[in-house]
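Quick setup: one chain, the form predicted on its own, written in structure tokens, and binding and motion questions come after.
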Amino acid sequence: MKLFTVGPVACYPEVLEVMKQQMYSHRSIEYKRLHRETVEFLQSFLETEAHIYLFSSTGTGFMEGAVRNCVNKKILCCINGSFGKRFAEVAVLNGKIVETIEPPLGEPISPDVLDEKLSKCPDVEAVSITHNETSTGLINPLSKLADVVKKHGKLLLVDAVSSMGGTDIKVDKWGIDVCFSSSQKCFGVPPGLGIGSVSKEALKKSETVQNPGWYFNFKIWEKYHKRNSTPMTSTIPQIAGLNQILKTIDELGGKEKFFEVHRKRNRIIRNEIQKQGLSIFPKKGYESPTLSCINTPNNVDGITIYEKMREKGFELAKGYGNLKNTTFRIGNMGYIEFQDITAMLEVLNEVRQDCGW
């Protein structure tokens, strides 16, 4: 089965190879060396001097950690789809008051609207932004939105789950306080590892919040960060896999080369989709570089497309949330060969004709 999912994605062979090694203690010299090197790679990749924490969880664990450590009472959540809503739901279930900005599905967050909302809500402590909304295939103008958040002196919490590794993120330049992702997306590593940067301001805030918890407590992680370690047992195979893909990216010529691979795959898919008479869901100019959310014709269900493609050996991704029946998604993250893209698009064209499009 060829995977064009939006996570977990197909893993790079060199990643799987290094993950086969025998285990060693997460308190050993070998692990500390691996941990330190991986953190340093990520700091360079994200252009930050902030601490990098490697959580034994998916990105949603980091999302909950961001809420518990950076918000005492009130947060503003920017919602462009199901995962922006998840941020708000996590905040509510952790006892926070939530303000929201929620444009129509397919529309980005506007810097002007964000500015106006923050002017009306001066008691908001932090703003959450989903950089790349996986459910709708939309990317927000993060650097512009970050400027607005920093102008108002708020902490900025960024869900970069389907963008980190697929497009550039400048954590320090843009003033991002918590920027998190998961191993099973653009980095092409199996799931189970939450990756995130935590600023000095976020650490300072975590000292004063009530009930920050233990497992994702930033201050506890800070103590172990200084030891090149983690508070609990690490997901050593995934960290080794992440370390390997970061080395591979360097060997390819650096992160910009890696981003260009994602853009090229994305262009090929999107151009062929349009040739087949299909359209992309989000507003033009805000299409994700790591996946395509595609509208289905009125007489075809998105789940039908998914099932027919799977029968022919290609696993795409179903539509998500409110778009479950009216869209399907094609991911271009992880280990994908260009000949596989060509083959997948040829099969999609056959499926399109079989469905009477």
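None of these values were measured; they are calculated from a predicted model. Sequential numbering from 1, following the sequence displayed.
From this point on, the text means the form predicted in complex with another copy of the chain, which you will not see here.
Heavy atoms within 4.5 Å of another copy of the chain in the predicted complex map, among the stretches 251-259, 280-288, 134-142, 232-240, onto 232-240 alone. Between another copy of the chain and the residues T60, N322, N295, T304, the one pair within 4.5 Å by heavy atoms in the predicted complex involves T60. Residue-level contacts in the predicted complex: of T167, Q184, N266, S199, one residue has a heavy atom within 4.5 Å of another copy of the chain, and it is Q184.
Heavy atoms of every residue among C11, S25 and V90 are located within 4.5 Å of another copy of the chain in the predicted complex. In the predicted complex, at least one heavy atom of L3 sits within 4.5 Å of a heavy atom of another copy of the chain. In the predicted complex, at least one heavy atom of P190 sits within 4.5 Å of another copy of the chain.
Within 4.5 Å of some heavy atom of another copy of the chain in the predicted complex lies at least one heavy atom of I220. Taking the partner from elsewhere, R68 is found to have a heavy atom lying within 4.5 Å of another copy of the chain in the predicted complex.
Along 197-219, residues N211, P212, G213, W214, Y215, F216, N217 each place a heavy atom within 4.5 Å of another copy of the chain in the predicted complex.
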